[in-house]
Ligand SMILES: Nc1ncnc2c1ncn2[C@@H]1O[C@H](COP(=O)(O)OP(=O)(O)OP(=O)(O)O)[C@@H](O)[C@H]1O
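The form predicted alone is given below as one chain in structure tokens.
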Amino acid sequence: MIELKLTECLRIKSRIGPQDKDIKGIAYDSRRVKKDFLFVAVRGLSVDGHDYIDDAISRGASAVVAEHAVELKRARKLAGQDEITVIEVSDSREALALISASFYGHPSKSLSLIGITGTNGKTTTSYITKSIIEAGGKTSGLLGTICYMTGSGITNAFNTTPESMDLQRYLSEMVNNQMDYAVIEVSSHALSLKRVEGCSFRTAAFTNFTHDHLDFHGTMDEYYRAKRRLFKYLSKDGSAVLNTDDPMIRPLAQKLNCNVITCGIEEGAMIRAENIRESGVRGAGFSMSFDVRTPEGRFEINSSLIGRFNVYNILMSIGIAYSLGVKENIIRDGIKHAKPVDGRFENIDEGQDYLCIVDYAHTEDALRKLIEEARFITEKRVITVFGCGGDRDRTKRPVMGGVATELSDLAVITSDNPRSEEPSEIIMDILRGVKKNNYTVQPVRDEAIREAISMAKEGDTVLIAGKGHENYQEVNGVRHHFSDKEIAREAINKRLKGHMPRNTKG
């Protein structure tokens, strides 16, 4: 019944037509509409769903929800079908989320839902958290930047946080597959676009806050407000887990009206890391250990993940586990068995006498931390390959150029995903911020990777930053297969076999 079941939570401005329909499905893309579907017209960044109402009706939609009453009435008249139900709302994105939650039976209420937001660290924190949950004998789904795991297989991710209807469908699959928990990365875009409306989170975590996404949010204040919105969706007995070493996040500990768990390395955090130790032998892997203090005691953590940034990711996962009442021995076991995440400080080891690390770092803060960690484990030089994405925040480009040239011994500036922009224009933006004349420019990314590897000498580290797990490069709206890892392995092996001479200029 459309009125009683699906639209009871909506802020309805007007409605026309029957209100007692049996809706067979929901769609926000008119091409996916089938007979007796409800079509929700959503305004996107480049396409407006209101332009496709007629198409949705022609494909069998028996009900339409949209923000413009004039368009709805016109569509209904053109359709010549008095039985078409039209509902006008003030916010169709909010309506899509609430309708979807209702249609799929409010699946978040049948799961322990964990949401993780922050500029960096969401993916690794989510994987560590999942490993801890499963170490305790429970099952967990996961939705994030790399993939979606619902118990029905693994699907490559298109968005960090799926659109609201897809999100509710994935959560419903987890319920049907008898999952106990769901761990999801919640992006600032998703929060601004109300994709998690209708969700009820048991735990919400905020990893860190640094410069990013100003192309979408406009200002850092708006970006911050979007991130903070996650805590609006906490259940009545929910918990917030905060990295209080971050000065932007620290004040939330006093402002949020819920159970708050603070994490950090600095004094005052409820869950605190001490005595951080890293060790390893080149070619044999690295490891890290540290002591953790909690309100209940102290224990040691051992992990194959390394770097100060991963200390924070682990601490956030411990905080989440603490909020869920997970025992210390299970936390230790889950962290010990958590594997490095695809494209996150991933070592490409083909037996060469230098390190090659692929990482997703695509913000100033992430790039800085990546190079600093590489510097810590590198005997000699750090060579950094990086670019910046097209059609995204242009203000971070010169800043990243400054970080790369200031902290690296050599930098190779190249393309990332240029999208609709000219790579040369993106590179010019980067060059405006360079601090030293220790860089080369190679717009073709695969050639840039080969150039960096040809320059590497024994004891050096080559960093390939920006794309991480991605297996494509987007140029002029088309995604072409491209993997930093594949190119790096190929280049390293060619050089080992003598097919690629060492670049003596390096």
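Treat the numbers as computed from the prediction; the structure is a model and nothing was measured. Residue positions are given as counts along the sequence shown, with the first one as 1.
Just so you know, the form predicted together with this ligand exists too; it's not on screen, but the next bit is about it.
Asks: Has each of 356, 471 and 489 got a heavy atom lying within 4.5 angstroms of this ligand in the predicted complex?
Replies: Checked in the predicted complex: no contact with this ligand for any of the three.
Asks: Given the stretches 91 to 99, 231 to 239, 293 to 301, 360 to 368, which is the single one in contact with this ligand in the predicted complex, using a heavy atom cutoff of 4.5 Å?
Replies: Of the options given, it is 360 to 368.
Asks: Looking in the predicted complex, any heavy atom of residue 416 within 4.5 Å of this ligand?
Replies: Although this ligand is absent here, residue 416 would stay clear of it in the predicted complex, with no heavy atoms inside 4.5 Å.
Asks: Closest heavy atom of residue 130 to this ligand in the predicted complex, within 4.5 Å or not?
Replies: Output for residue 130 is no: heavy atoms all beyond 4.5 Å of this ligand.
Asks: Just to confirm, residue 110 within 4.5 Å of this ligand in the predicted complex by heavy atoms?
Replies: Output for residue 110 is no: heavy atoms all beyond 4.5 Å of this ligand.
Asks: Does residue 387 reach this ligand in the predicted complex, with heavy atoms at most 4.5 Å apart?
Replies: Looking in the predicted complex, residue contacts with this ligand do not include residue 387, since no heavy atom lies within 4.5 Å.
Asks: If you check 139, 160, 176, 287 against this ligand in the predicted complex, which one has a heavy atom within 4.5 Å?
Replies: Only one listed residue qualifies here, and that residue is 160.
Asks: Using a 4.5 Å cut on heavy atoms, which of 317, 168, 124, 203 is close to this ligand in the predicted complex?
Replies: Only one listed residue qualifies here, and that residue is 124.
Asks: Could you list which residues of 172 to 204 come within 4.5 Å of this ligand in the predicted complex, counting heavy atoms only?
Replies: The stretch touches the partner through 185 alone.
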